[in-house]
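There is one chain below, alone, in structure tokens, taken in the form predicted alone.
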């Protein structure tokens, strides 16, 4: 995957632009948010006005401030979870596939068990039994339920690369297993690893929003998912406060679109057959 091909890809630039926008929004939240997202000293259920551009919630919180601050935890969950999932996929898929033997059989069996379980019901069950609520448990639940598919893809690619001449030459030269994996196999699957990372980030963002919308997260924190939870509970649409319900959903969709576009762009750069003529 070449940097120039990535930078000239329209999907990559569109996805990166959206992601940078939300990253700046999260980083500059203390400076650009008009109020604290937990400030409840305002009149409840206000419509848009000069003082509150997007109105207020049923508890008297500024919707715009919550929307800006909510980008922080949502981005953190997406990127941290994607990193953890990618690490598990790397160990289970690549190292297990290269080492083979009973280690690969055990890891492959574990992967198959998670693959046959329906993802969303499993995630809801695990989240319901986690007694501690917050960002860290949400990351844990999504990581545990979201690594298997990518690990299976990496394992199949590793089995193909393991029989290549350059890997066999490295084995004959006496290089250790870890060195072969890190210097010969991983670099040849960089495109798949990057695509898996963005795919995992997309999965994490949507899953986090879904769990918090169902009330399985810490509803007292400010994220786009908890905004949807409270907007639904307080009947925002019936009260005419559509922006309280719609805008967090739009932000979640845009962030998911950014990760999806970056995923597709990596696929196109790595596989020339997917590029447009």
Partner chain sequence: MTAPVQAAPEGSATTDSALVLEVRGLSKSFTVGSIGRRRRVRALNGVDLRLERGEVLGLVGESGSGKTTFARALAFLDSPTGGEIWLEGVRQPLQPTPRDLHRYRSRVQMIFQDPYASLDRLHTVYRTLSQPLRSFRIAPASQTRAACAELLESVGLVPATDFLDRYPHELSGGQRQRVGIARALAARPALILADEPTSMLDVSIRLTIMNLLLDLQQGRALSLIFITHDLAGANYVSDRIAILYAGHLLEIGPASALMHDPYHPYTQLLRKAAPDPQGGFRRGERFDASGEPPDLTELAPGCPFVPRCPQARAACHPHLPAWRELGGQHRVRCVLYD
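Positions refer to the first chain, counted from 1. The model shown is predicted, which means the values in this text are computed figures rather than measured ones. Rigid core: the largest C-alpha set superposing within 1.5 Å between the two forms.
Another form, the form predicted in complex with the partner chain, is not on view; read the next lines as being about it.
By the criterion of a heavy atom within 4.5 Å, residue 140 is excluded from the residues contacting the partner chain in the predicted bound form. The closest heavy atom approach of residue 171 to the partner chain in the predicted bound form falls within 4.5 Å. Contact annotation: residue 101 falls outside 4.5 Å of the partner chain in the predicted bound form, judged by heavy atom distances. The closest heavy atom approach of residue 132 to the partner chain in the predicted bound form falls outside 4.5 Å. Residues with any non-hydrogen atom within 4.5 angstroms of the partner chain in the predicted bound form fall in just one of 70-78, 140-148, 175-183, 93-101: 175-183. Relative to the superposed rigid core, the position of the CA of residue 172 differs between this form and the one not shown by 2 Å or more.
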